[in-house]
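Next up: just one chain, as C-alpha cells, the form predicted alone.
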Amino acid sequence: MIERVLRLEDICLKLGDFHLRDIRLHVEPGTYLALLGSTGTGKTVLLETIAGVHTPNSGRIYIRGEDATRLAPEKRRLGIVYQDYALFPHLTVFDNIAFGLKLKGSPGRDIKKAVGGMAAFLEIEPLLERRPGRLSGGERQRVALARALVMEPYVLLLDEPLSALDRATRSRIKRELKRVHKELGVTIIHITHDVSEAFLLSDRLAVMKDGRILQEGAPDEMCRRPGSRSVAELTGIENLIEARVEKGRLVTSMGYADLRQPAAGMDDPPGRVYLTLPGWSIELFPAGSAREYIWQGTLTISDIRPGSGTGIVALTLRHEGGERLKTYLSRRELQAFSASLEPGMRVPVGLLAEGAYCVPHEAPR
C-alpha cells in the first residue's frame, strides 16, 4: 500500500528575487488539498516545482515513494490544469484530450475508448469535434480536466481553475470537481486565493505566504486554532484583538477577557498575543450564563450593510478603545430584537468562549 502519494521534504527554490523556503508537505492518496494564499505568494511556483517545470535548489520530491526531484515532467504521471486551460487552438476537443495518450504511443483503439469514456463522464461528448475557440469558459475548463484525467494521474494539479470563470460557471465547475474527486478518487492539489472555494472543496488545507507554508491541516481545525495572525487572516477570520497576558489573564483595550481553554501564545515571553474571534462568536444581547462568555460589555454599532449571503446583514461594532468587531445576522434575527438596530446605537455584546483563540505575535523574518 502506498502510504503517501506525494511528499515534499525541505524544498527550497530561488527564482530571481523570489524564494520557496523549506516547504514540507505530505499528501495522502485520495486527498483534496487546497493550497491557499494571496497573489504572489508562490503557489503556482510550488505547483510547477511539483510538476517538474522548476528544479529545487535543495530538498526532495517523492511521488509514490520514489525520488522524483530530477525526473522529467512527462515521467512523473501528474496532471496539471492551468487557469487559462492551455488548450491547443488548432486541435479539436477530441485531439486535445487525446494529446498525451498519443505522445505516450497508446494504440488508436485504446485512445478512442479512453477519450470517449472521459468525455461521457464529464458530459462533453457533443463537443468532441469542436475547436476551443467555439467553447465557453466552462466547456474549456471541462476539456482541460478531461485531458489531464484521461492520463490517470497520480495527482491532479489545479492552478486557480475557477478564477477566469463567471459566478454561475464557477458554481457548476465546483460541483464538477467535487464529483470528480468523489467518483474517481483522484488525489487533487488545488491552488486558490479564494477562502470559500478552499473550504467548500478541500478536506485538507495548507496556508502559504511569502514562499512558505505557514500551517496545514483540516480546514475547520485551522479556523478554530490558527497558528498565527497571518493564518487567521488568510482563512477569513475577520476579528483580531491585540492583547497581552498578565498573570494568566488576557488584557485588551476592551478590558479583561477570560480564556478557559489552552491557547497558543499564552506562554509567549513578551506576553503579546492576538485574540481571534469568528463572526459567529460575537453575540448581541447575550442571554446565556456568564460562564459561556470570555467578555461581556456594551459596544456601539458603527455600520449596518448587506452581508455576503441572501438575507444576511453585516454589523460593525466599535469600542471606545478603538477595537472594531464584525458579526453577521440574518434579517429574521435582526427583526427579532425588540429594538430596531441602527448605527450609533449602543448594544450589549458577549464574546463566546467557544470561538475564541489566542495566537502569538509573529516574529519578524
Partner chain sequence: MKSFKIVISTLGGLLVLIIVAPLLRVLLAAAPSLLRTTVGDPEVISSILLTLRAALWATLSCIFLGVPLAYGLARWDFPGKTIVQGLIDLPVMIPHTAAGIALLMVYGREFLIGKMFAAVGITFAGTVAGISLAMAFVSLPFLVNAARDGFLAVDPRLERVARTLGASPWQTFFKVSLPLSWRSILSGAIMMWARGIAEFGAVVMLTYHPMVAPILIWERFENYGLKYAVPVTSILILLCLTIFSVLRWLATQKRDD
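Positions refer to the first chain, counted from 1. Since we're looking at a predicted model, the values are computed, not measured.
Below: the form predicted together with its partner chain, not depicted.
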Within 4.5 Å of its partner chain in the predicted complex: all of Phe285, Leu299 and Leu334, by heavy atom?
-> no
Heavy atoms within 4.5 Å of its partner chain in the predicted complex: which of the stretches 65-73, 299-307, 26-34, 321-329 has them?
-> 65-73
Contact residue in the predicted complex, from Gly100, Pro278, Gly271, Gly227 (heavy atom within 4.5 Å of its partner chain) = Gly100
Interface check vs its partner chain in the predicted complex: of Tyr293, Phe121, Tyr82, Phe94, the one with a heavy atom inside 4.5 Å is Tyr82
Are any of the heavy atoms in Val53 no more than 4.5 Å from a heavy atom of its partner chain in the predicted complex?
-> yes
Could you confirm whether His190 comes within 4.5 Å of its partner chain in the predicted complex, counting heavy atoms only?
-> no
So in the predicted complex, does Leu87 come within 4.5 Å of its partner chain, heavy atom to heavy atom?
-> yes
Answer with yes or no whether Met151 is in contact with its partner chain in the predicted complex, where contact means some heavy atom within 4.5 Å.
-> yes
Relative to its partner chain in the predicted complex, which residues of 341-358 have a heavy atom no more than 4.5 Å away?
-> none
